[in-house]
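Next comes just one chain, in C-alpha cells: the form predicted alone.
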C-alpha cells in the first residue's frame, strides 16, 4: 500500500540548449547583489563564465565572486562564503558548476545569518533553519548529485574526519536551475562516469527499501534502464547530445524527492561512501561504486523479493528454471559487469583507503534505519573488507 505523504518541489527548471535564457526571466525577481559561486577555472575555459557574467551585467547586477569551491566543500570554505555573503548583503547566490558548488551554495544560504556555528547547528545537531535564507539559483555544468532540485547539502570537516549531509526543507531548494546538456560535454570522462554512478546509487538507495511494489518502484526501474542505456552510449561517444541530455534529466529525477514518495529509503551506501570521502577526499561517485557491490550482496537475502525484481525488470534476467537467489545474484552480476564496462572504481583501495583507516571509517559511518537490514559496526567492517578485495 502506498502510504500517506506530502509532496512539494518549488524549483523551476529551464532545460535544453537555450536554457541559459532562463536567467533573464529569473534575475529581475531578485535584488542587485549577486554572489557568483564556482569551482576552478574550467567555466572560464569553456566560456560558460563569460556567458553568465554577460547576462548578470545586462540585468544590472553587482557581482561578488566566491570561487575555488572544491569537489568536497569544506567547513572552512563554508565560513569564507558566509563572510562574503553577509558583508555584501547578497540578494541571490548563483551557483555555476556541479553538485558540490550547488551543495555549498545552499549551505551558505542557510548559514550566512546563523546565530551560532553553522557546522554545529546544521551538520552536527541537524537543526531546522530559523534564520534568514538567501535564495539560490543553479547553472549546472556536471550531472550526478541532483542538488539542482533538492534541499541537500554535504560539507566535509577534515579535522573531525567527518563528511555530513543535511537535507533541508523546500524553503532551501534552489529557486531555479539552468540545465543545458551542452555545458557538460567538456567534462573529463572520470567525472562523467562518477556522476553516472552517483545517479544510479541515488535511485538504488530509494528502490531497495520498503516492502511494497508501488508507483515509485516502477518509475525508478524506468530511470535505471534509461541510465544504463544512455551511459553506454556516452562512454563510447561523450559528445552524443541525446545520451547526455537523458543522463542529465535522469539525474534530476533521481533525487528531486519524487521517487522517494512511499518509500522508507536506505542511504547506507552513501553513509559509508561519505565516511571514506572524509578520510581520502576521493570523488564522491567513486566512493559509492567502490562499496556498492559489497553492500548489496551483503543485504540481498534480506530483501530478496526486490533484488529478484531488480534483476528481471532492470537487467532483463530470464526467470526460467532459476531460484530467486540465482535470479537476484545474476542481476547483481550484470550490474557489476556494467560498472566495469563504463570504467568505475570497484575497490576502495583504489581510492587510497589503507587497512589502518578501516576502524576510523567504520566509526565515521552513520547507521541508517530505512534499508532491508539495519547494520551494526561489525557489518560495516565486513562490507569494507569485502570492498577491499579485487572483483
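Numbering follows the first chain given and starts at 1. As the structure is a computational prediction, the values presented were derived from the model and not from experiment.
Beyond the structure shown, there is the form predicted together with a small molecule, which is absent from this document and is the topic of what follows.
Open item on the list: At 4.5 Å by heavy atoms, is each residue in 206, 210 and 304 next to the small molecule in the predicted complex?
Closed with: No residue of the spot touches the small molecule in the predicted complex.
Open item on the list: Just checking whether residue 73 would be counted as a contact of the small molecule in the predicted complex - the rule being heavy atoms within 4.5 angstroms.
Closed with: Because a heavy atom of residue 73 falls inside 4.5 Å of the small molecule in the predicted complex, the answer is yes.
Task: Partner contact for residue 252 in the predicted complex: the small molecule, 4.5 angstroms, heavy atom - done: It does not: once the small molecule is placed as it appears in the predicted complex, residue 252 has no heavy atom within 4.5 Å of it.
Task: 4.5 angstroms heavy atom contact with the small molecule in the predicted complex for residue 142 - done: Yes, contact at 4.5 Å.
Open item on the list: Can you work out whether residue 118 and the small molecule are in contact in the predicted complex, taking contact to mean some heavy atom pair no more than 4.5 Å apart?
Closed with: Result no; residue 118 lies far from the small molecule in the predicted complex.
Task: Listed range touching the small molecule, judged in the predicted complex by heavy atoms within 4.5 Å, from 312-320, 130-138, 295-303, 268-276 - done: Partner-contacting stretch among the options: 268-276.
Task: in the predicted complex, the residue from 214, 157, 245, 191 that sits within 4.5 Å of the small molecule by heavy atoms - done: By the 4.5 Å criterion, the partner-contacting residue is 191.
TODO: Identify, from the list 359, 326, 65, 41, the residue with a heavy atom within 4.5 Å of the small molecule in the predicted complex.
DONE: Selected residue: 41.
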